[in-house]
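Have a look below at one chain only, the form predicted alone, in structure tokens format.
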Amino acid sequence: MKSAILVFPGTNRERDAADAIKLVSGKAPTMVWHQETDIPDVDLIVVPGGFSYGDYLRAGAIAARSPVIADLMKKAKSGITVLGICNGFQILTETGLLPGSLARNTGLDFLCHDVHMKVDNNQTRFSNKYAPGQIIRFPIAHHDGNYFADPDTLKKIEDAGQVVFRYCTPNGDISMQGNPNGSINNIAGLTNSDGNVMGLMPHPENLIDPLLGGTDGRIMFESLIGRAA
């Protein structure tokens, strides 16, 4: 599987994502600087976490206007797999590749801890190696992770099965007790209507090895690599 990772000023999780991809696929991804206008022909494009441009205007808003985004949108619309993690999720909503938006966390605090999620849809290219309803644990590190969509958009997302992961309690309850940031319907990760673009706030790339505390994140990359193999 060939892959590429986009890098913006302020990105800080690109090496974590690269390590995860290389560990699972055996092939190092190509790093693509934001000022490039062409992304190589690849099977997977990752928009990683970090604080692109310091998120000084609005999380992901400036990065969404970078030169590389035009080719990202072209490739996404052609069916190439795109994964946006944390700030990458924010960027994908700012470009319109994913519906909805990300606002400040409820309580306005920066959150950095592990969360639990339930696999709501395991029939996607990002989640096919998880079991239906499986409860998994990923770390989060964000200030603007409160997912929101207007009622009509939310209904379309839910009716189409675009929600892949929902925040939950350790025993799997979908409730505000297990919702770290106030996201509507406990949405932690979702795809576009075509199913080839996904964004999520938690970081799968940081749980890929037992030495890091677990392997729940590795399964996502195995899902992607297995599909492209």
Partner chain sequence: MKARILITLKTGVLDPQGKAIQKALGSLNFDGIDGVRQGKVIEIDLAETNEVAARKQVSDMCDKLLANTVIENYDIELIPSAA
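Everything quoted here is computed from the prediction, not taken from an experiment. Positions refer to the first chain, counted from 1.
Separately, the form predicted together with the partner chain exists; it is not shown, and the next lines address it.
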- Note on the structure: Note: the partner chain not shown here; in the predicted bound form, the stretch from 74 to 82, 154 to 162, 94 to 102, 124 to 132 having heavy atoms within 4.5 Å of it is 94 to 102
- Message: Against the partner chain in the predicted bound form, would I39 count as a contact residue? Criterion: heavy atoms within 4.5 Å.
- Response: no
- Indicate whether the partner chain has at least one heavy atom within 4.5 Å of a heavy atom of R65 in the predicted bound form. yes
- Query: Is there a heavy atom of M176 lying 4.5 Å or less from a heavy atom of the partner chain in the predicted bound form?
  - Reply: no
- Query: Any of the heavy atoms of V32 lying within 4.5 Å of the partner chain in the predicted bound form?
  - Reply: no
- Residues R58, A61 and T106 all lining the partner chain in the predicted bound form, heavy atom within 4.5 Å: yes
